[in-house]
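Below you'll find only one chain, the form predicted on its own, shown as structure tokens.
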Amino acid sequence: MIVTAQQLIACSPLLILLLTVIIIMLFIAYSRNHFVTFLCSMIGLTLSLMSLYMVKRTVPINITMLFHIDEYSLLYTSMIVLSSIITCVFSYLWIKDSFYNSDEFYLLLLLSTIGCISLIIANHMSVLFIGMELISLPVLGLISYTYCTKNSLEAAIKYMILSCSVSVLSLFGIALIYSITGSLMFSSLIYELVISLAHPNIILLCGLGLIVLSFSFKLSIFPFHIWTPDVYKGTSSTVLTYLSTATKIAVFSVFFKIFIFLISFHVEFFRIVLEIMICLSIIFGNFMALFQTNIKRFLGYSSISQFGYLLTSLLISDDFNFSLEVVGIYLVSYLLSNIGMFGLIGLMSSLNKNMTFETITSYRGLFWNCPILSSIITIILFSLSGIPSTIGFIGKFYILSLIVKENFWILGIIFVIGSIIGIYSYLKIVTYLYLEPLVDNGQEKFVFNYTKKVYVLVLLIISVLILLLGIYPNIVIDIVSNSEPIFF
């Protein structure tokens, strides 16, 4: 097998991250130094992000039969790497102050990022499975990193047991597909489905069903959401910055790429199952979020409904480009809101060591102590709820347009009901920010040193981006429209 220079360039984001992992391992073996490991990770991730500009000139391209890189995969790879960079930034002080074994955190983060990128550019079932495992196993380590704190080990064990069970089912699904197609290439699967549209093979559908199940688990789609609130509650805010964004964006990008085909070829079985899952995810996620008192559990249930909305993009009948825009814009909105929200929770916990800021009531009166942080939270929550002038509103508007365009009236009613419940839940938290603070709620005046001011600046940039892209979304729309996947 001969690998060309173009193929090497196309693989450069992955190769840079692999090289960074090796360098960090050598540093750890020689002498532990948290700052050097952090610096190496940041340089590796930044170079990986910058290399995407060079890769853009070589795509679309196949790297053997295992990987396929096109502009679609570049868009989502950039989101993953951006999420990892911001997680690195927010983790530095948290790890420095809390752990001896700090260097391994960056190794786990980089390995999981490699898994995410592998999944996005996968063109073969074996890469799909390995990519999913390469995401999950380091994430398991990240979740249990704070093993001394309450709920952390419980979250890790829950995630491990459910993730392993789903992996076994996913592997069985791949085996069933192979037994019918005789190949593990995505194209063989699609070909087999297309030629058997009139009488679909039951074994093939069972295999695909098991793959859908594994995707649904990773995306916390109802009824496979059971792990989400508990794992969110037991995981540190810094890890959630990555877990809630990078892993889900990677899984959804490949899910969309494969299953948009099934819908566009009118595989009714998947359409019906998908519609049921969308309706239940929207209603259940929003309804359960309404009763939460813990902010992480609230955001966990919120993510169930957010991906319920996003799955609507798979129901498009013919206008594929519109569906592509819906996914791109919604995921950009989701990325900015979640890294902002979890980054902010982590920052506030580090500013006041006496409070974890995990209960919603602990945010009461925040505006009177720190107007800038409360303003950032307000913008992020407005975006998540879909209030106008934010990128979140543009994402929700696109989904509603798709529902109206395709005449999904029942889904439209569910969308409106879910959105109303969701807006009420988010505004309830916003209201807490501006109430008079309680005398004994433990909040103190925040004091920002130089490093903390950098963190506030990062959060401020994120909130400005949320507003800017909400008022002028053409930048995102143009990027997303030009990132059409080239199918297999």
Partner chain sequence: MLLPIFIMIPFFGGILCWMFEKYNIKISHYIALMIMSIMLILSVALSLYNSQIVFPRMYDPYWDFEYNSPWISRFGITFHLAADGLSVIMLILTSFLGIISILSSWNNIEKNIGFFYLNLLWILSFSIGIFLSIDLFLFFFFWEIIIFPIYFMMVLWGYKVKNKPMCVNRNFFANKFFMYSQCSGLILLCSILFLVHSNYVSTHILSFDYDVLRNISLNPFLETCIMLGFFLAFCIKIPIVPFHSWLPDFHTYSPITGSLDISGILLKPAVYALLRFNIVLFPHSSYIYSNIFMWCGVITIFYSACVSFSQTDIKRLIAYMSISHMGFVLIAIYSFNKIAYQGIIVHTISYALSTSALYYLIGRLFKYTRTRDMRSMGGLWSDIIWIPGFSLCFAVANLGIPGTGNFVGEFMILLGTFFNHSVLVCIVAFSLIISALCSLVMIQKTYFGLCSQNRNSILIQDISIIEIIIPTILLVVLIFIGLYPNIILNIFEFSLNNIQTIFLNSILTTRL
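Positions refer to the first chain, counted from 1. These numbers were taken from a predicted model, which means no experiment stands behind them.
There is another form of the same protein, the form predicted together with its partner chain; it is not shown, and what comes next is about it.
Contact with its partner chain in the model of the complex holds for none of 72, 187 and 204, as no heavy atom of theirs lies within 4.5 Å.
For residue 427, a non-hydrogen atom is located within 4.5 Å of its partner chain in the model of the complex, even though that partner is not displayed. In the model of the complex, no heavy atom of residue 369 sits within 4.5 Å of its partner chain. In the model of the complex, at least one heavy atom of residue 416 sits within 4.5 Å of a heavy atom of its partner chain. Looking at residue 404, you'd find a heavy atom of it within 4.5 angstroms of its partner chain in the model of the complex.
Looking at 296 to 304, 86 to 94, 222 to 230, 380 to 388, the stretch with residues near its partner chain in the model of the complex, meaning non-hydrogen atoms within 4.5 angstroms, turns out to be 380 to 388. Only one of the listed residues (25, 464, 471, 479) places a non-hydrogen atom within 4.5 angstroms of its partner chain in the model of the complex, and that residue is 471.
Out of the listed residues 166, 400, 180, 351, 400 is the one that sits within 4.5 Å of its partner chain in the model of the complex by at least one heavy atom.
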